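Just the one chain here, laid out as structure tokens, in the form predicted on its own.
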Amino acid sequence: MANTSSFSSSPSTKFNFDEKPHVLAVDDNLIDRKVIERLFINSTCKVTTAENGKRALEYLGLADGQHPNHNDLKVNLIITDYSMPGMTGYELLKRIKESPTMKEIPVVVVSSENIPTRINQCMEGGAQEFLLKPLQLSDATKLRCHIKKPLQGGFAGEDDHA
């Protein structure tokens, strides 16, 4: 069955966004999106998925011609696949880090390929982590410490570094 929606949210959307961290999972592979969704729902997070970088940018209000309204959108962590058609995870990372309203959101890049130059490029580009697929529950637990909590229009994490 084809997914006709650009974005999909976990069933946990009935909860207050301020109480549950919100994770945006970006991957062109439906199975990988579902794995991320399940891992983070088990970690009591709200999860929204996008099937590619363009859809993620639209969701974040960063697509060409859009003006982001960060006060309405509370994403605490973005997890993106590196290899996607149209826009790589690195290109998505760069667009997020160039945005004054989104640059503080931690971005984690995941890939099934262990390519050191790719890993270094993403880390130097501002990625919080680079993880190899398949993701495990221990990865979700590890990433919870990177989830930023929104505070009065900005972001404050457990380890704020200037």
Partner chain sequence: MEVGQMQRAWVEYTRSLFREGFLDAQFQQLQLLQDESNPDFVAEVVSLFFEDSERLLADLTFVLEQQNIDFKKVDAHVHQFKGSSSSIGAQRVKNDCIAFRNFCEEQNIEGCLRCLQQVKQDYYLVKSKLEALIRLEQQIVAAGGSIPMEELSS
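Positions refer to the first chain, counted from 1. Keep in mind the model is a prediction, meaning the values are calculated, not measured.
This protein has a second form, the form predicted in complex with the partner chain, left out of what is shown; the following refers to that one.
Residue 35 is the only one of 35, 45, 119, 62 with a heavy atom lying within 4.5 Å of the partner chain in the predicted complex. For the chain shown alone, residue 102 is not a contact residue for the partner chain in the predicted complex, no non-hydrogen atom being within 4.5 angstroms. Using a 4.5 Å cutoff between non-hydrogen atoms, residue 126 does not count as a contact of the partner chain in the predicted complex. Proximity of residue 131 to the partner chain in the predicted complex falls outside the 4.5 Å heavy atom cutoff. In the predicted complex, the partner chain sits beyond 4.5 Å of every heavy atom of residue 96. Residues are counted as partner-facing when one of their heavy atoms sits within 4.5 Å of the partner chain in the predicted complex; in 78-116 these are 83, 112, 113, in sequence order.
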